[in-house]
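This document opens with one chain alone, in structure tokens, the form predicted alone.
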């Protein structure tokens, strides 16, 4: 299943163009992102038939369009997903998955609340009232891509413009916060591949 963390109008054209054979839902309030700890998109989370998270949220491009930017080879994720589906082989042991899941802090919760209030006010045409909530959300969660980038189109910003690239550059300079487990998986994959 796919979940778009966008307003319906923005997501609809992408969903229709993809013409997927699986369900797609729109989560403008970021409920799924909050519950599962998504901090960027595209993100995948693997949940098994027993409702266990067997791979934590991970940035997983479907193709290599942004490979130069992310440094992530989509074929690695595809191979791991195939190994899990066909053979039950996971890239992390379940105890590693649990150990690497980030429990949201109070600031994370407050940031998500302020972003949600800002989005509701924006949809109600009350942008002046929404602005302080978006500002507070960004201040509380400076490295959360869903808060930072997800708020850009609601505040007149361009999620593919200079504001985004400035954020991405600062995030990378800060050591890619929020991706410690993902970086561990990538390091393991690189070491096994070399």
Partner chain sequence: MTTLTILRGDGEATVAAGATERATIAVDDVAAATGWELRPEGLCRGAVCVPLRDRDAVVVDDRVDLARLGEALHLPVAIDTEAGVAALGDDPVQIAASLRDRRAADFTLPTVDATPFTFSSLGRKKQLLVAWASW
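Residue numbers count along the first chain shown, from 1. Everything numeric here is computed off the predicted structure, so don't read it as measured data.
Below: the form predicted in complex with its partner chain, not depicted.
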(message) Since only the chain is shown here, I'm wondering whether residue 101 would be in contact with its partner chain in the predicted bound form (any heavy atom pair within 4.5 Å).
(response) yes
(message) Please determine whether residue 106 contacts its partner chain in the predicted bound form, using a 4.5 Å cut-off between heavy atoms.
(response) yes
(request) Indicate whether residue 146 is a 4.5 Å heavy atom neighbour of its partner chain in the predicted bound form. (result) yes
(request) Mark residue 122 yes when one of its heavy atoms lies within 4.5 Å of a heavy atom of its partner chain in the predicted bound form, and no otherwise. (result) no
(request) Just give me the residues of 122-138, first to last, that have a heavy atom within 4.5 Å of its partner chain in the predicted bound form. (result) 126, 129, 133
